[in-house]
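Here's a solo chain for you in structure tokens, the form predicted on its own.
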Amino acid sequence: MSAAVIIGYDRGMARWEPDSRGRLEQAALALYGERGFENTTVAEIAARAGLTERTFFRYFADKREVLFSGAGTLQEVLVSAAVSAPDSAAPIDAVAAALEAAGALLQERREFARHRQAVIAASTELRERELIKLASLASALADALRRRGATGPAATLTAEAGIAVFKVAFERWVNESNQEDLPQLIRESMDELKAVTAGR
């Protein structure tokens, strides 16, 4: 049975409860929006979800990880797509393929991403944590490019540029007025970068 469909039972609950992780995520986002991240406790999140604190810690190390627990999966997708791009692909095109793969993964959780981004924007601590996450993604992407044969400085520069493209596209995507898919916005942002660097 996959982790996504684990059913947990907590003492004092009347029945088996499905999707505990999803319920905790939704409860946390709602409370962060209502009270602010800093003013919300794990106990309150668990209570809102109808679960126990013990169940919360079964899924998340702390209340920040509700917002950042997917970073490892995102990194795996980025690296795998970059490494498996055709040998003939230039480093920037390998990065583009990796970003689009990541975008396709995130596309399925647009509403979660929008709420998550609003919570992060309201907290200095969370904004710093988000920057650390993006730096880690850039470093992993640069390593993937080196495995493809790119030189150190070129790999780093290309990866950093790619993460900047991703950041711009993501910010457009979570805007309520934007209905385009994230992979499409990534392609558009990458094309804009290429046009700028080509002097067009």
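Here the rigid core means the biggest group of C-alpha atoms that line up within 1.5 Å when the two forms are laid on top of each other. In case it trips you up, residue 1 is the first one in the sequence shown, and so on. A quick note: this is a predicted structure, and the numbers were derived from the prediction, not measured.
Below: the form predicted in complex with another copy of the chain, not depicted.
Asks: Go through 47, 140, 30, 161 and name the one with a heavy atom inside 4.5 Å of another copy of the chain in the predicted bound form.
Replies: The residue from 47, 140, 30, 161 that makes the contact is 161.
Asks: When another copy of the chain is placed as it is in the predicted bound form, which of 22-30, 52-60, 36-44, 164-172 ends up with heavy atoms within 4.5 Å of it?
Replies: Correct option: 164-172.
Asks: Any chance 86, 107 and 109 all have a heavy atom within 4.5 Å of another copy of the chain in the predicted bound form?
Replies: Result no, not one residue of the spot touches another copy of the chain.
Asks: Does residue 128 reach another copy of the chain in the predicted bound form, with heavy atoms at most 4.5 Å apart?
Replies: Residue 128: yes, in contact with another copy of the chain in the predicted bound form.
Asks: Would you check, heavy atoms only and a 4.5 Å threshold, whether residue 149 touches another copy of the chain in the predicted bound form?
Replies: Although another copy of the chain is absent here, residue 149 would stay clear of it in the predicted bound form, with no heavy atoms inside 4.5 Å.
Asks: Do residue 103 and another copy of the chain share at least one heavy atom pair within 4.5 Å in the predicted bound form?
Replies: No, residue 103 stays farther than 4.5 Å from another copy of the chain in the predicted bound form.
Asks: Hey, in the predicted bound form, does residue 124 get a heavy atom within 4.5 angstroms of another copy of the chain?
Replies: Yes, contact at 4.5 Å.
Asks: Any residue of 70-98 with a heavy atom within 4.5 Å of another copy of the chain in the predicted bound form counts; write them all down in order.
Replies: Sequence-ordered list: 90, 91, 92.
Asks: Would the C-alpha of residue 61 be classed as shifted by 2 Å or more between this form and the one not shown after rigid-core alignment?
Replies: Residue 61: C-alpha displaced by 2 Å or more between this form and the one not shown.
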